[in-house]
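Only one chain is included here, represented as structure tokens and corresponding to the form predicted alone.
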């Protein structure tokens, strides 16, 4: 697998709101179509949240997930990765509802509680499509994204040991890597660890190239050859940081959850457009893109035939 790069695509998330981009998938049909297009463009892993089809508000409802998960599975071989982060203000029970129902190959797992401030994200919006959007963003300057050690242990127990699901460990700061090392020492998780280092969220580590290098060096010290490294960066930093990750031998995540743009001042037309761009960049660097089967082998996943959808 040397030189193979896993592209993950986070198609909708729970950060951006419908008024920010018409390309953001909202309905189950849009999420399914956007996921399939991203897989066809080269994404081996599709990272998924759900939204209320009428308002676009993030929802933990398993019934909404089940309106698009089977369609994606039937139409592509991509690995389905379901959030356990959910949306702002969701309880851990709510965040686990869809993963427990779907028993996916992968889930995201946030590795620490943190301030998560996106209050300024809507500053340029003058016409809001829905009444919930502006208050949803504005309250985040007083929001703590909860992921305690007890929460982490619970999620690893019920999803990892209970369902054979493996994790995308989302590390927003250096301390999150040490939290993951502790979980590894306590045998809550096992290698290979899929470590997603995240840059540019206000409340986490900043999008500075030196920080990327330090996060990589720290992960090397803590996990040795027992991890698979990936990078995502918020907003305008997305393509630069994922390109750096490819050069350094890492894997990448793009998608409209992380950035709504394809270039300076230009909104992306789709998730597939972002996947296609990073794929072209990586292939120009003589790197090969991992297939879903290769990603499964690299990450020791249970296989798409053992999911619940």
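Computed from a predicted structure; not experimentally measured. Residue numbers count along the first chain shown, from 1.
Absent from the display: the form predicted in complex with a small molecule. The rest refers to it.
Here the chain stands by itself, but in the predicted bound form one stretch of 69-77, 153-161, 96-104, 197-205, 197-205, has heavy atoms within 4.5 Å of the small molecule.
For residue 51, no non-hydrogen atom is located within 4.5 Å of the small molecule in the predicted bound form, even though that partner is not displayed. Residue 85 belongs to the set of residues with a heavy atom inside 4.5 Å of the small molecule in the predicted bound form. In the predicted bound form, residue 110 approaches the small molecule with a heavy atom inside 4.5 Å. Using a 4.5 angstroms threshold between heavy atoms, residue 295 stays clear of the small molecule in the predicted bound form.
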